[in-house]
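In structure tokens, the next block holds one chain alone, the form predicted on its own.
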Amino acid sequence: MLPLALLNRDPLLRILILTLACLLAACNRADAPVYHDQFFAFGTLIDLTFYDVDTLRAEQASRALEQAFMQMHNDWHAWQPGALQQMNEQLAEQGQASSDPAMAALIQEANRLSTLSNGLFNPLIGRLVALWGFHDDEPPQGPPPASDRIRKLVEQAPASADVQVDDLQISSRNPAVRYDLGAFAKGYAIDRGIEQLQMLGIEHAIINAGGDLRVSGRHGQRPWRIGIRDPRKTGVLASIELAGDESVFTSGDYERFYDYEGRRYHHIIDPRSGYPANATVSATVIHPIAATADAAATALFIAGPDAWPAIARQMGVEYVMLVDREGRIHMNPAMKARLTFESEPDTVILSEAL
């Protein structure tokens, strides 16, 4: 999850979000209202834009979404008192835990996507996340953890196959299992938010959570136009038009990180090594379902420039762009056909079609 502190010290992120809002407002029909609101949840700024909705209904929907997001944030936070923390403690102490229907569905979907990713998206490595210090809102400082402590947690290898969900009972055969849904819960919550808006009759909207978003419907006669952040420079790398139900999620090494002795350590941990994945600087995914896009962006970031196509196929992801450590752009032809780059990239490596 993107911490509040990062928004406070990252003016670029705030500028990109506000620029998007301004662009949306500028492009609408003169007779169609655009409603805009913001609130904080999941450690980031949730930005709402509704098109062609009367103000009273929009305000009611916004308040309902804020309450729902705050409840999900509290329930699903791995490191603060709530349902997920309680479940983790019960699994550690007893090997099983009781759940409610919402939590059981959340865990089942996280496990399913983890399996599809060959465990590269691994929501069960909370102990490893905590060892690195990325469970706190503020990034850690000082040297990385001792290699023997990392190796011990990697050898315990918590995986989705270790967990069974039977109705409302969750059990684990691996005592190292600790869920941290930071690479998944935000997308899952956005999906629930879009469903809630559609139930309220709001068909044209964006829910943007710190730059990761899902759109519903259209922006009048225009599609929604979205900017993808440049991972190394100020500004936008490329833009893309979205219509209907589509989500855009990016995992980047610039989101939560610290530098120590000239090396960047970021929060996207490769569960195979126990260290931050180091071949990619950003991975962007488009998918109809925000939860899938969220998990896939993490998995493909870790997979890296060579292995991402196979993982994307397994996860059912059709549109992918990666930027590697040398600044080269890797993507499939379907993604290339949809992107408009701000400036022509130096190197583009196309994979086979997914």
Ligand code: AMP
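All values reported here derive from a predicted model rather than from experimental measurement. One rule holds for the numbers: they count along the sequence shown, beginning at 1.
Unshown form predicted together with the named molecule; subsequent notes refer to it.
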>> Quick check for you: of 177-185, 213-221, 193-201, 67-75, which stretch puts a non-hydrogen atom within 4.5 Å of the named molecule in the predicted complex?
In response: 177-185
>> Quick check on this chain: which one of Ile207, Leu84, Ile125, Val248 has a heavy atom within 4.5 Å of the named molecule in the predicted complex?
In response: Ile125
> Out of Ala110, Ile170, Ile269, Ala189, which one falls within 4.5 Å of the named molecule in the predicted complex, going by heavy atoms?
Replying inline: Ile269
> Are any of the heavy atoms in Ile302 no more than 4.5 Å from a heavy atom of the named molecule in the predicted complex?
Replying inline: yes
> in the predicted complex, does Leu120 have a heavy atom within 4.5 Å of the named molecule?
Replying inline: yes
> At the 4.5 Å heavy atom threshold, is Ala97 in contact with the named molecule in the predicted complex?
Replying inline: no
>> Can you work out whether Thr292 and the named molecule are in contact in the predicted complex, taking contact to mean some heavy atom pair no more than 4.5 Å apart?
In response: no
>> Within 4.5 Å of the named molecule in the predicted complex, counting any non-hydrogen atom, which residues from 47-72 show up?
In response: none
